[in-house]
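This document opens with one chain alone, in structure tokens, the form predicted alone.
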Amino acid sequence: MIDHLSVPRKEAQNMLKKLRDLDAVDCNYKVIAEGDSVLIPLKVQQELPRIAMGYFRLKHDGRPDLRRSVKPVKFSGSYDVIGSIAIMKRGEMDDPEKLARNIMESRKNIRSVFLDKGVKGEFRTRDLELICGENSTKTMYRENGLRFAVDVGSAYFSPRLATERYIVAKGTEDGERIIDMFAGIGPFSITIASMKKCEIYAFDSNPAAINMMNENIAMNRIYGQIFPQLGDSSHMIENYRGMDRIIMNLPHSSFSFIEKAYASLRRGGKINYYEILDDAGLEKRMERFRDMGLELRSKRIVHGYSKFLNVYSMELVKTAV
């Protein structure tokens, strides 16, 4: 028998959030609905906060949450969750199958666990090996209030840039003309267009990515206009001049395209630039940008890539004519 707080059903969601914020909820047990009331499991000898005064505290057998019964194992690799799919990085793992089983047992929404063996081919898609679960690379993913159809086997997608996409969208102004050079399935373009009335030309050379982008545009409410274009962005961008913003999310090789992006940008326009660099490489890049007439307005680490490398985000402003 454990302590529960009995709350009217109509007030339960609000109270549950408040108690979770106070770390008062015992997450090893499920919240129980009984008639017009909801029973919220409390941690042992938890002092009731003032917000809970006036509600009944009672003993109940409790319903263990089996999703919490398997504790995540410690390992030196990492994994990303995209909808119902988990993608593991090998790292120093000795037993990928053990980790895969643990992921599926501890996260009930996961249907498939794949091992990422690196990127391959012309479109730099993941080389995936099924370790556990259903042999399907398709899923639905939610981010920043948006929905995305994702096929992790046919187009590269990373959930690790969710915050980055939101930051860029918030910093965009209505009326901007934007090029998303390596748009993939459209997460940057769609996030921006869902918040701002702008004009976005979204390039990608992968037909599967363009098809998913069109599907994702259709399923989300957007205010701006997005024009998906299939082809080589290094050639297509030559047809555009005076752009307000260019997004360059190709961390392994963005620098190869910086001069063409620069030529397409108006004076005062911005580049949202991403690259994998170590400390020395970062200093070298910033020096090169200054020489080109690009002023660094902001710089941050998006996430680590290896022991000495990070994925950096930089916002650059064209200061020269």
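Bear in mind that the values here come from a model prediction, so they are computed numbers and not experimental data. One rule holds for the numbers: they count along the sequence shown, beginning at 1.
The form predicted together with ligand SAM exists for this protein as well; it is not shown, and the discussion that follows is about that form.
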item	value
Candidate stretches 102-110, 158-166, 214-222, 130-138 - the one whose heavy atoms come within 4.5 Å of ligand SAM in the predicted bound form	158-166
Close approach of residue 194 to ligand SAM in the predicted bound form, 4.5 Å, heavy atom	no
Residue 89 within 4.5 Å of ligand SAM in the predicted bound form, heavy atoms	no
is_contact(residue 175, ligand SAM) in the predicted bound form, heavy atom dist at most 4.5 Å	no
Partner contact for residue 182 in the predicted bound form: ligand SAM, 4.5 angstroms, heavy atom	yes
Residue among 171, 231, 145, 242 with a heavy atom within 4.5 Å of ligand SAM in the predicted bound form	231
Contact check for 79, 114 and 151 against ligand SAM in the predicted bound form, heavy atom at 4.5 Å	no
Residues in 250-269 close to ligand SAM in the predicted bound form, defined by a heavy atom within 4.5 Å, in order	250, 251, 257
